[in-house]
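As a starting point, one isolated chain is supplied in structure tokens, in the form predicted alone.
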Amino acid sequence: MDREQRRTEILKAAEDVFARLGYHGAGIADIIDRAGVARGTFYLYFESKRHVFEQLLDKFFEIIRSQVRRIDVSRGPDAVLEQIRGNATRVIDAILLHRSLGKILLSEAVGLDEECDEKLLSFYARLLALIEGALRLGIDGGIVRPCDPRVVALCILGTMKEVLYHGIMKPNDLPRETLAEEILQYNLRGLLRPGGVSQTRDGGL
């Protein structure tokens, strides 16, 4: 097994342990037991429990960011709606597919300490910028009603975070196949100009 494979195995073990025991409840001993490696092997790849935890957050940040595509408003209102739906669906599917990482991001990482909070704020700031940019393009294109794009972007992000937190903590409580559409409809009803998009999947707003 090469170094990268071994590192990946330790990260996966840490992901499982943190999701099950929480950051404070987990120890390096739990991670190496789960990974089936010696303590010395762990330290070849990671400096500490905190280091492996940060690597997991970085990994998840990249997974989420890779699912977001820039909205092209030049393709028309209906195409814009489909692009927004595509972004929402991909992000939600990615989070629910990596449920353990999602739990770490949305619960274990919050309020851990100042450095970790800065990392989270940086990630959410990047997501917020993407949403805000899409709103500004929609306003300029006459698709989205005039609004404060910063405030509305925060509302959209907050909606997604809360719904996904519930979906991760109670995986059988929400229908995965309709999450993206319901989040989208909830936000779009308050955003689109009347007649700005001719129809949605269910025939109208």
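Given the structure is predicted, the values throughout are model-derived calculations rather than measurements. So that there is no doubt, residue numbering starts at 1 and follows the sequence shown.
Although it is not shown, the form predicted together with the DNA is what the next lines describe.
> Look at the stretches 61-69, 151-159, 165-173, 27-35 and give the one with heavy atoms within 4.5 Å of the DNA in the model of the complex.
Heavy-atom contact with the partner occurs in 27-35.
> According to a 4.5 angstroms non-hydrogen atom cut-off, is T41 in contact with the DNA in the model of the complex?
Contact with the DNA, yes.
> Taking heavy atoms and a 4.5 Å cut-off, does T178 contact the DNA in the model of the complex?
Result no; T178 lies far from the DNA in the model of the complex.
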